[in-house]
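This document starts with one chain, in the form predicted on its own, laid out as structure tokens.
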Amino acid sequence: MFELSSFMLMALLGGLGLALISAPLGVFVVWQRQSYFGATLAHSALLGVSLALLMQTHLTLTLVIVSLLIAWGIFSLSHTKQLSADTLLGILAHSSLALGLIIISLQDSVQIDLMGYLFGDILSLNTTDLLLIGLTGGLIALFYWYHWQDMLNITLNSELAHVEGTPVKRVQLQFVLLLAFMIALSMKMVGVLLVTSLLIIPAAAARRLARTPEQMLLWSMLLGSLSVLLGILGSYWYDLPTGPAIVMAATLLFAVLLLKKPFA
């Protein structure tokens, strides 16, 4: 019989929490085609890990702070017309990842599991992580309470939304910062290389089932939660790495829906 130990219960609660809070962000990442932005933040998160080790500060809190600063920097630079958005994101993603790896390599006295940071370790989630996930969920709920329609208008036509009185830049900045917050928290679960999968795959799968934005949000939350459950169970039963198992569960759900209802 399947019995949950305390750390497995913590992992399950944290995984379900992250699946639920990533869904509202993921649907707009998919609609606005911002997956590369999420990937840039994910790669940059390793810089936060290296700085936390260097300064001997709390890992998750340092990750959050660094990710928020990088997200604000990307948002600010993206509004200068000197570089295209994809070029800027590519430069920042790989340069920050390289800098993080260099800082880690210079710390000879620190023993780290680099694979854990690259692919995650959901079983290491603790009470602080759960509180941060809950706080992020509250912030995301509050944001969409006030700006759900604004985000829909911006997604459809940002210039028209601005003309109609929507504070486009302010809403977009708040969305970007929430996205950075969520990615920083998710990195501990699925790692740098897989973190954006929590945003993209359930939302992309939900498009196969939804007819309205609200339906897509609900389906994304359901599919994300199911991916976490299947991934943790698969990890427990077959001794698989948990983060990749969650991603593969989400991918299989997407594949099933894609075969059932292929793209036009």
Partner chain sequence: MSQCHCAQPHSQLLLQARGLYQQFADQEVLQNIDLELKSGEIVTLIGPNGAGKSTLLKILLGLLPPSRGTVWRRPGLRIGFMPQKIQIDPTLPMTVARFLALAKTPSNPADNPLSFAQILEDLNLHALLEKPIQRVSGGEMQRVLLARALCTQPQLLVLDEPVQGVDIQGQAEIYQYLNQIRNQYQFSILMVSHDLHIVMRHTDHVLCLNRHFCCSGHPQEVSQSPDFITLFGTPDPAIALYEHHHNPHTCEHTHGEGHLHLQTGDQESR
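Just so it is clear, the model here is predicted, and its values are computed rather than measured. Residue numbers count along the first chain shown, from 1.
Below, we refer to the form predicted in complex with its partner chain, which is not included among the displayed structures.
**Student:** Counting only non-hydrogen atoms, which stretch in 151-159, 178-186, 87-95, 122-130 is within 4.5 Å of its partner chain in the predicted bound form?
**Tutor:** Selected stretch: 151-159.
**Student:** Going by a heavy atom distance of 4.5 Å, is residue 31 a contact of its partner chain in the predicted bound form?
**Tutor:** Residue-level check for residue 31: yes, a contact with its partner chain.
**Student:** Does residue 212 reach its partner chain in the predicted bound form if we count a contact as any heavy atom within 4.5 Å?
**Tutor:** Yes, contact at 4.5 Å.
**Student:** Does any part of residue 135 reach within 4.5 Å of its partner chain in the predicted bound form? Heavy atoms only, please.
**Tutor:** No, residue 135 is distant from the partner.
**Student:** Does its partner chain get within 4.5 angstroms of any non-hydrogen atom of residue 166 in the predicted bound form?
**Tutor:** Yes - in the predicted bound form, heavy atoms of residue 166 and its partner chain come within 4.5 Å of each other.
**Student:** Heavy atom within 4.5 Å of its partner chain in the predicted bound form: which of 201, 47, 232, 216 fits that? Just give me the one.
**Tutor:** By the 4.5 Å criterion, the partner-contacting residue is 216.
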